[in-house]
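Here we start with a single chain on its own, the form predicted alone, put down as structure tokens.
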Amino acid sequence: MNNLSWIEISKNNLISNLKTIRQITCPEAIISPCIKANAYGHGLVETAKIFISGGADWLSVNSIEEAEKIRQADLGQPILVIGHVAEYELERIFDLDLRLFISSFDYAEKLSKIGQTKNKIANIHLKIDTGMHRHGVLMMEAEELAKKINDLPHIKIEGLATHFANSAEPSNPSYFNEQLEKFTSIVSKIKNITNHDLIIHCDKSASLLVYDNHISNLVRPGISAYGYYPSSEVAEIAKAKGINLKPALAFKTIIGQIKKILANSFVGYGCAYTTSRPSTIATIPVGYYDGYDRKLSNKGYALVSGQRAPILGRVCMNITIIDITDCGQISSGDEVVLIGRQDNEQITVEQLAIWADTINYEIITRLRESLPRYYI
């Protein structure tokens, strides 16, 4: 590989995670992995292809832009746009043959009018706000909205959806149960309005991994499809049930310059680190521009020759300094692992998240999109 820094993605692990998700949901459910945010840092188009080869029925994206990239790659799976679509983009719903969430009559009416001019039907999924209070129509307004949309020409309520606020916190399930109860009640009411079978979806990674009573016939796995658990609580429960996910991503770079410095030497911007001994230090060509969090300054580690090399001083925009004193004989160009395994040592996404005081989602989705990704 002729790159200073790169990402490696395991095809087998992505497919294995999708098979695991298939096993824990009802057999006839539509599996629609969420590939938004550059497929959680794994690479949008190539990851979509891998998921499809592994049995994905649909794909869930955040935006028209993401959907267009999938269509340009000639991937024929149904695509559900789960993020906000601007009014000026609504025509693209028909051009790209997309589904989308709707939570207002104004949007539905505009979509209907465009459908009339194109002589096409828009399949929409009514998003119900059962307590997340983000996107979605409020429960008290959902039934009336469904009636009004159901009367519009060239538009069909194909599905109903909601999103859980705290399913990743199973030790406190009361709010999850409240949301699920609300959603179940509105599903039956809207089915009576549409008078046809509906695609029902509310299950994301956490609810899939923790709870067994699924009412969904479509599931939208997010971070679990990439081999990560939404929280430590979910991980503990899932692993106890024998649900073992396989992280698919490794982040690597190389050793740059190496130098020996004295004890009591300052390292990096702001003199933020002082050596306590004579040290061998090295630069690596990775920084916060690449998504390597600045909060890893003086906290994180990289793997060099199978040993943990501490981050010294502040993570810079394009460079980070590491201590390789205890790593043996190291040369410029040697491989450095920032996420993944090297010999018997491993740095996980979760460990990085703890060091950076964030969540595993942010660690992987912030990896620079233009970093080369190799699918192995």
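In this text, residue numbers run from 1 along the sequence as written. Since we're looking at a predicted model, the values are computed, not measured.
Separately, the form predicted in complex with a small molecule exists; it is not shown, and the next lines address it.
Note on contacts: among Arg294, Lys120, Lys239, Arg134, the single residue with a heavy atom within 4.5 Å of the small molecule in the predicted complex is Arg134. Interface residue among Leu245, Ala282, Ile82, Leu126, judged by heavy atoms within 4.5 Å of the small molecule in the predicted complex: Ile82. Shown alone here, Ile324 lies farther than 4.5 Å from the small molecule in the predicted complex, counting heavy atoms only.
The closest heavy atom approach of Ala37 to the small molecule in the predicted complex falls outside 4.5 Å. Within this chain, Ala146 is remote from the site of the small molecule in the predicted complex, having no heavy atom within 4.5 Å.
Mapping the unseen interface onto this chain, Leu249 falls outside it, with no heavy atom inside 4.5 Å of the small molecule in the predicted complex. Comment: 197 to 205 is the region of 299 to 307, 197 to 205, 176 to 184, 102 to 110 lying near the small molecule in the predicted complex, near meaning a non-hydrogen atom within 4.5 Å.
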